[in-house]
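The chain below stands alone, shown as structure tokens; this is the form predicted on its own.
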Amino acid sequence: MKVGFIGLGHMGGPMCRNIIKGGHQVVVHDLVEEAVQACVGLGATAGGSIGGVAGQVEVVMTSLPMPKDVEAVALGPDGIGEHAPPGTIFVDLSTNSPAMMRRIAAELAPKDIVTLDGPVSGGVAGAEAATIAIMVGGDRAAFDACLPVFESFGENIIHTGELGNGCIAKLCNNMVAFCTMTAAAEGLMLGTAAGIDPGILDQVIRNSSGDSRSHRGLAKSAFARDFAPGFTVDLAYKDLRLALELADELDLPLLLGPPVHSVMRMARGQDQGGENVTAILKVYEAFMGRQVGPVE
């Protein structure tokens, strides 16, 4: 299948490279030339522009930081809508607003461009290993047509129903993960303040009912003092904001999401927006004036 891929960052880059390794013809574009060349070196073709990609493929995929970026690439000047031929399938792999995806789809539909929302979960490690989950909303026939491409870079591929459901599933998943991670930060700080070796506490939690991937990731960052960006505080803040906006649209009260969003806002206020989302721990450390780490 001939696939276009726009957005070759922390997640998009490894996903695209796995599509290439899967034997598909791939045309790529990114604002960072080094990212383009990393894919070209594996056999991709540089599209040169958004239009240069969209005009010559069957499926065009985007992996971009913010909803406004997806909107600009899909609907803006020299965008997908201007250049993709009738019959093209557009798949956004970003974490986006379901309302935004439905609006984009409505504007592309008269041009016979079918839109799918396909956000992913599993982090950079999952993207590199081709083990990420892909939650896809939209036309079932388009999903089936794209399935060989999805299978080249993901492991758990779920058709979630109508367009927008992929985004809804991703926002709910991320809200659960972020709330769990914040609880892990509080638990480790509480134990540290009370005098237990955090390494021992971590061993207890990971072998008890408090265990989760979110806890393990935060504890690993805490003990290594490694908050290097992968999935950043800024991106997590954006994702949780989208979840809260969805709740506002539904007039649904959320009791845990809003305070977790405030913790992220405090982390950003401490200039940690570009660090890994596990850096939310530093908010608690700043209040307590001490670090979480094994007792030496």
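For clarity, every value in this text was computed on a predicted model and none was experimentally measured. Numbering starts at 1 and runs along the sequence shown.
Below, we refer to the form predicted together with nicotinamide-adenine-dinucleotide, which is not included among the displayed structures.
K.L.:
May I ask whether M61, H159 and L163 each come within 4.5 Å of nicotinamide-adenine-dinucleotide in the predicted bound form, counting any non-hydrogen atom?
P.N.:
Not a single residue of the candidate spot has a heavy atom within 4.5 Å of nicotinamide-adenine-dinucleotide in the predicted bound form.
K.L.:
Among 37 to 45, 255 to 263, 235 to 243, 53 to 61, mark the stretch whose residues have heavy atoms within 4.5 Å of nicotinamide-adenine-dinucleotide in the predicted bound form.
P.N.:
It is the stretch 235 to 243.
K.L.:
Using heavy atoms and a 4.5 Å limit, would one call R268 a contact residue for nicotinamide-adenine-dinucleotide in the predicted bound form?
P.N.:
No, R268 is distant from the partner.
K.L.:
Just checking whether V3 would be counted as a contact of nicotinamide-adenine-dinucleotide in the predicted bound form - the rule being heavy atoms within 4.5 angstroms.
P.N.:
Result no; V3 lies far from nicotinamide-adenine-dinucleotide in the predicted bound form.
K.L.:
Whether V32 contacts nicotinamide-adenine-dinucleotide in the predicted bound form should be assessed with a 4.5 Å heavy atom distance threshold; does it?
P.N.:
Residue-level check for V32: yes, a contact with nicotinamide-adenine-dinucleotide.
K.L.:
Report yes if any heavy atom of V73 sits within 4.5 Å of a heavy atom of nicotinamide-adenine-dinucleotide in the predicted bound form; otherwise report no.
P.N.:
Yes, contact at 4.5 Å.
K.L.:
What is the one choice in G79, G191, G123, P148 with a heavy atom within 4.5 Å of nicotinamide-adenine-dinucleotide in the predicted bound form?
P.N.:
Partner contact (heavy atom, 4.5 Å) among the options: G123.
K.L.:
Can you tell me which residues in 1 to 19 come within 4.5 angstroms of nicotinamide-adenine-dinucleotide in the predicted bound form, by heavy atoms?
P.N.:
Stretch hits, in order: I6, G7, L8, G9, H10, M11, G12.
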